[in-house]
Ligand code: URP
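Only one chain is shown below, in structure tokens, and it's the form predicted alone.
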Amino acid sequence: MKSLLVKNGTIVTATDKYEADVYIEDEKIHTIGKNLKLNTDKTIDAKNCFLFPGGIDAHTHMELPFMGTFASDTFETGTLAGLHGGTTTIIDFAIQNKGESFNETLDKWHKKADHNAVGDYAFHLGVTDLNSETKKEIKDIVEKKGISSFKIFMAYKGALMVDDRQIISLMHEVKKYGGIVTSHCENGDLIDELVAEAKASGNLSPKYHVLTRPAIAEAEATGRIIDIAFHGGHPVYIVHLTCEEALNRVREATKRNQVVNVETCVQYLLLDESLYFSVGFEGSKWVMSPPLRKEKDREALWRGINQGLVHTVATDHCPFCMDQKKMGENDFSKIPNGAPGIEHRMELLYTYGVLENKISLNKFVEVTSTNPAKIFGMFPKKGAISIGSDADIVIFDPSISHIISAKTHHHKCDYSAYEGWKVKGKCKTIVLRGTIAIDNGKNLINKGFGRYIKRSPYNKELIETEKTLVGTT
């Protein structure tokens, strides 16, 4: 029996903040109390530090095959980078190839992650080919394999995009077994037309990435998926929402008492489209879809978090090195879409969210850990510091400042999306299932320590109750 005592810390959850000791036994939180005096294998003094539940990044792409190359982080390097930044669990997207069964897709992703991941992991299933045979697999995938979320793309026509008929059919089928559809919302046909026009005019530099993916394309698709879900009474989760126009479609849905689960990403809260207009090819570093938006959109997203319209903050971590980005040096449409970010999500949100009074400390925990756990069927195993929960704890020292740089980050990527940014606060010690995983920047566990997490079906009552409680505090 392995035991650990974390003393003198300030526990912060989505609803509370208090000083207490945490006693951990056999991977679980056993006791929470003041001045605990116990014989343990190890004791950590967390005086003047916050204790957060382990971060959950619900949107990552490790080793993703995309646009003729692969995301540069493996499950080993990506989950290790996440651990250094306080993220103890990821939910990665297992993306189906057309003609492939769902189970074949999942088998491929398990081969990538099993015995390699350092942190804990789960999967969303990315659906690109829904047919009579793949529909038959959904029941067992939810009930036996613990995957309750199914992603569709409304863009990337010919590769990933599905049509409205497939969306309706998928929503209907997964609802039978407690599943939820998550959606990349951009009007793929509109974007393809704009890209073709830009290229025909010889407009090939990185700035045309944002100029051919306007906010209206995202807003239209967001409204469409929300309406489809409303008509069928289906739950829905919007991934990486970026702009005020799309957020307003969510706002309108609340007027008919529709629950729409919404994710944004840290880059959309902190960066803006001016980066695409950098000299030369520099703007390619931030080519992602949807693209970065305007300052007004950043402000709307921060307000949306506090208004209860945006429920999670993820990263869409999908890094490509600069030699990969240069595949599109003479054609912006060939630049691999994605950027690194998993290591810095929590420290950036604390520095530029909590310390700048954009969000509260409780809201910080809610959007980085508790809400992802609740929406995706892991709560209270994950996303909580409570008796019986997995002992995933971030010991966060708010007094330590440091500079983000590609020279020191753990991403397998040769640039940082936040190069030179100063952050105040450090994920000092990371405990994963009762084991000290990271301590003062040192990695104390090896690849294969990460465990696959089977998830429960979507629990509408749990989500709606939480949102009601959050709105009254």
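Because the structure is a prediction, the values reported are computed rather than measured. Position 1 is the first residue in the sequence shown; the rest follow in order.
The same protein also has a form predicted in complex with N-(aminocarbonyl)-beta-alanine (URP), omitted here; what follows describes it.
- With N-(aminocarbonyl)-beta-alanine (URP) omitted here, the record of contacts in the model of the complex names 284-292 of 284-292, 362-370, 244-252, 298-306, defined by a heavy atom within 4.5 Å.
- Proximity of T77, K112 and Y452 to N-(aminocarbonyl)-beta-alanine (URP) in the model of the complex is absent: no residue of the three has a non-hydrogen atom within 4.5 angstroms.
- Although the partner is absent here, H61 is a contact residue: one of its heavy atoms lies within 4.5 angstroms of N-(aminocarbonyl)-beta-alanine (URP) in the model of the complex.
- The closest heavy atom approach of G338 to N-(aminocarbonyl)-beta-alanine (URP) in the model of the complex falls within 4.5 Å.
- Contact between E343 and N-(aminocarbonyl)-beta-alanine (URP) in the model of the complex is not found at the 4.5 Å heavy atom cutoff.
- None of the heavy atoms of F70 is located within 4.5 Å of N-(aminocarbonyl)-beta-alanine (URP) in the model of the complex.
- Of the residues given (A217, V210, C318, L349), C318 alone sits with a heavy atom within 4.5 Å of N-(aminocarbonyl)-beta-alanine (URP) in the model of the complex.
- Proximity to N-(aminocarbonyl)-beta-alanine (URP) in the model of the complex, taken as a non-hydrogen atom within 4.5 angstroms, holds for one residue of H184, H124, K382, H311, which is H184.
- Residues K151, F153, Y156 are the ones in 126-165 with at least one heavy atom within 4.5 Å of N-(aminocarbonyl)-beta-alanine (URP) in the model of the complex, listed in sequence order.
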